[in-house]
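You are given structure tokens for the same protein chain in two forms, set apart as structure 1 and structure 2.
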Structure 1
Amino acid sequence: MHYSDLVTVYEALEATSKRLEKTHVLSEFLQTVPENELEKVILLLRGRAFPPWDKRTLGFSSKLAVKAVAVASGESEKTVTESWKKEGDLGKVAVLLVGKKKQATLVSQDLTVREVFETLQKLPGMEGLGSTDRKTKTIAALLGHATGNGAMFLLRTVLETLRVGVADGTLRDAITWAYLQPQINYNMEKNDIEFADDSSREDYNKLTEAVQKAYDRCNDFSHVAVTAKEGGTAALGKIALELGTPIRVMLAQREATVEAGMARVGAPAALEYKYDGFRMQVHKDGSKVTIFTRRLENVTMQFPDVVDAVKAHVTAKTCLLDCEAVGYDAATGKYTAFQQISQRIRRKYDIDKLKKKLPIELNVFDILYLEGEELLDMPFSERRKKLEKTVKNVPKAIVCSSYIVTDSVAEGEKFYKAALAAGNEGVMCKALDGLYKPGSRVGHMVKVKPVLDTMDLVVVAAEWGEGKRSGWLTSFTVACKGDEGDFLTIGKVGTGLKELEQEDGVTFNQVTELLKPHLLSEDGRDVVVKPQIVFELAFEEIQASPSYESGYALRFPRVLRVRDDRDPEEITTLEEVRVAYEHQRGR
């Protein structure tokens, strides 16, 4: 398959924001993709060279991209940079300059999808002396062979900034349309699906659910697509959860009060402490224990103490546990705040020393697999019973989360106060009949924590400082996550960062170094950055404001820390901002 076929699809996807139209474009295209290319195509459609759980990154900065465009076009880096400033998009510059050279030299051989994919996969392995040069030349060679707008999409893929709006739900539906022959009629003019009758609607829902369930279990759309194409729903139904392969975690929505949280999930509700630690997904497969973070990174090596606790106190031979790891002070036994233990996630040496200094208690709140049986579709209250039978409570090692079931708001509020007094963040309200929906932010699990405390926001732009702050990025535009998964600006912040390394907290210099590889464009002192670095901010108040895309602004925002455990996908949502805003106004 030619890369230009994929480029045509990128263009069609970019040309519309309508989800059904995107689904239609994708499903038509998927039907033309040969089976042995499906895996590559599905990853490339989402701008990736590796599946989501594979943490390898291409490591290609915009500086390298400028070099690659210069090599491919035969222009100087200065010309490329100037042209970038003028056009505002390095991808467009690549099309323009490389295209000009090609006209002169008449290169006509088109790139293939395989070539692009295999080349991208080689990038992370290029390390050591001369690797920058090799990387640049490799990408320049691809750019030189791209036709049409190919160079632009290629460059965006290399920079990991390709966003043509293929969300999970869209891809799921496109796979259904392409391979499972649903009895539907997509009316392009009305942008609507038409069903012959109610039963065909139900049949259609069953098909999308089959695709969704398969994806929830294997976490890999390429595998799902190939299976759907080869064996239809019967084969999809055989895709099972596998110990050792992480699944996406279920996320919570937010309410401002216990009363609202309990009303949302329905009475009687389960309430649990909301621990201030970090999420751990623990797989036990006989004597093999594997630990993943909420970003699905394998961190087993960093937590031998957790592995030991699971081996010693989890009675099941095989199971999958959803947990929060909480740090405590070895001397006083008191819970410590998240930042204390966050260093354990990254540390690859002196692990034994660190585990003594920063010990951890594993609070287990869910069980998704037990002795060969998947529990995702079992009601929460039943999962909880199984959990209590599986985990022996050994305080300061591993325990089941603190848990009550009640229909009394007064009792719920008492539990909330006790949770806060014990140093927790708040409580989680959970519906007793809730199923486990990997990757979804569900309304049947709702967090309640004091509002107006903090937000996790991603940096999307910044300004170079002046005077004694020159050389540092100083003022940061931050964004929350919109309803469509897009990033919407909500304010600017510069306060909270320190100038001197000796001071406690994060410095301008550190944040500048973190952001530098993600610069996308520069205009004078203003820079646009790839949404990658997440700040936790405190603020005085949320205001309605037309100045920012979210419709809200933060008064007196202050950076508390960099949340390097957090994906940009997992930041504060617009819905959460709305809830906090309305609560603050007493509505």
Structure 2
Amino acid sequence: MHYSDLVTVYEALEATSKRLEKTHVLSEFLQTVPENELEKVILLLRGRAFPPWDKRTLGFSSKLAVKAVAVASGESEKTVTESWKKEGDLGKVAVLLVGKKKQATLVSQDLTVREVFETLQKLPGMEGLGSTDRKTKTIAALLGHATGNGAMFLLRTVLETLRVGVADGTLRDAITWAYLQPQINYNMEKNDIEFADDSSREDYNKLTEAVQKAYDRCNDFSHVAVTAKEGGTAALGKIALELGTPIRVMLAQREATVEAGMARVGAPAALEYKYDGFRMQVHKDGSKVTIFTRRLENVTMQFPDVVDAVKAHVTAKTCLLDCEAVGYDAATGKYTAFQQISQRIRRKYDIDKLKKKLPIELNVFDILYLEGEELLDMPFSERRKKLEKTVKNVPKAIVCSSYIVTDSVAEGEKFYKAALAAGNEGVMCKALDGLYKPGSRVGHMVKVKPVLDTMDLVVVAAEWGEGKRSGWLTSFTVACKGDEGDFLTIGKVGTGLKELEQEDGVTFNQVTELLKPHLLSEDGRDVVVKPQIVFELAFEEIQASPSYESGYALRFPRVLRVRDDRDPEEITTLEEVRVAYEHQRGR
């Protein structure tokens, strides 16, 4: 398959914001993709060379991209950079400059999808002396052979900033339309789905659910698409969890009070402490224990103490546990804030020294797999019973989360106050019959925290500081997650960060160093940033605002911390902003 065929689809997806139209474009295209190309195409549609659980990155910076465009076009890096500032999009610059060279040399050779995909997969393995030069020449060669807007989309893929609006739900539905033959008709004029009757609507929902369940278990749409094309729903039903391959964690919605939380999930409700730690997904397969963060990063090496605790105090031979790792002071035994222990996630040296300095207790709150049996579709109350039989509580090592079941709001309030007094963030309210939905922000699990509002938002732009803050990025544009999986700006923040390293909290210098590898472009003091670094922000109020893409702005925001454990895909959604705004107006 020619890469230009994929580029045509990119262009069509970029040209519309309508979710159903995107689904139609994708489904029509997927039906034309040969089976041996399908896995590659699905990943490239998401701007990836590897599945989400494979944390290899292409490692291609904007600086290298400028060099690659210069090599491919025969222009100087200075010319490329100046054109970039003028156009505002390095991909468009590549199309203009590389295209000009082609016209002069009359050389044209269309790339294939296989060639692009296999080349991208080789990039992470290019290491050592001369690797930068090899990477640059490799991508320059691809750019030189790309036709039409191919160079633009290729460069966006290499920089991991493709974003043509292919959200999870859109791709799920496109796979359903393309391969499972639902009895529906897409009305392009009305941009709506037409069903023959209620029965066809129910059948369609079952088909999309089959695709969703398969994805929930393997976390790889490329595998799901190939399976659906080859064997339909019967084959999809055979896709199962695999120990050692992480799944996306289930996410909670938010309520302002315990009463509202219990009302949302239903009474009686389960209440648990909401710990101020970081999420851990622990896979035990015999003597092998593997640990993943909520970002699906393998951090087993960084937490030998957790491995030892699981081996010693988890009775099951095989299981998958959903947990929160909470730090505590070795001298006093008191729990410490997330920021104190977050450095353990990144540390790869002096592990033994750090685990003594920053010990953690693993609080286990769910079990998703046990002795060969998947538990995702089992009610939470039943999963909890199995969990309590599987984990031996050893305080300051591994314990089941603090937990009550009640239909009394007064008892729930008492439990909430006890959670806060113990140094926790609040409580979780869970429906006893709730199923586990990987990656979903479900209504049958809600978090209740103190009234100070916070949001997790991703940095998409910044400004270089002046005067005593020269050399630091100091003003940060942040974004929430839009309805189509895109990032929509919601405000700027510059307060909450510290200037001096010895002060408590995150410093401007630390944030600058975190953002530097993700800079996409600079224009004077203004910087565009690849959406990778997540801030937790406090704010006073949400205001309607036409100044930002979300339609909202945060009043008096300040940075509370950097969420090292939070993936950009898991940040606060536009829907959550809307709900919070309406709730605020109704107070």
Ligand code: AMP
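Remember, it's a predicted structure, so these values are computed and weren't measured experimentally. Counting starts at 1 with the first residue of structure 1 and goes up one by one along its sequence. Take the two forms, find the largest set of C-alpha atoms that superpose within 1.5 Å, and that set is the rigid core.
Where the criterion is the form predicted alone, structure 2 meets it and its counterpart does not. After superposing the rigid core, the Cα of residue 561 is displaced by 2 Å or more between structures 1 and 2. In this overlay on the rigid core, residue 575 has a C-alpha that sits 2 Å or more away from its partner position between structures 1 and 2. Once both forms are overlaid on the rigid core, the distance between the two CA positions of residue 379 between structures 1 and 2 is under 2 angstroms. Structural comparison between structures 1 and 2 after rigid-core fitting shows the C-alpha of residue 536 displaced 3.1 Å. The shift recorded for the CA atom of residue 552 between structures 1 and 2 is 4.0 Å, with superposition on the rigid core.
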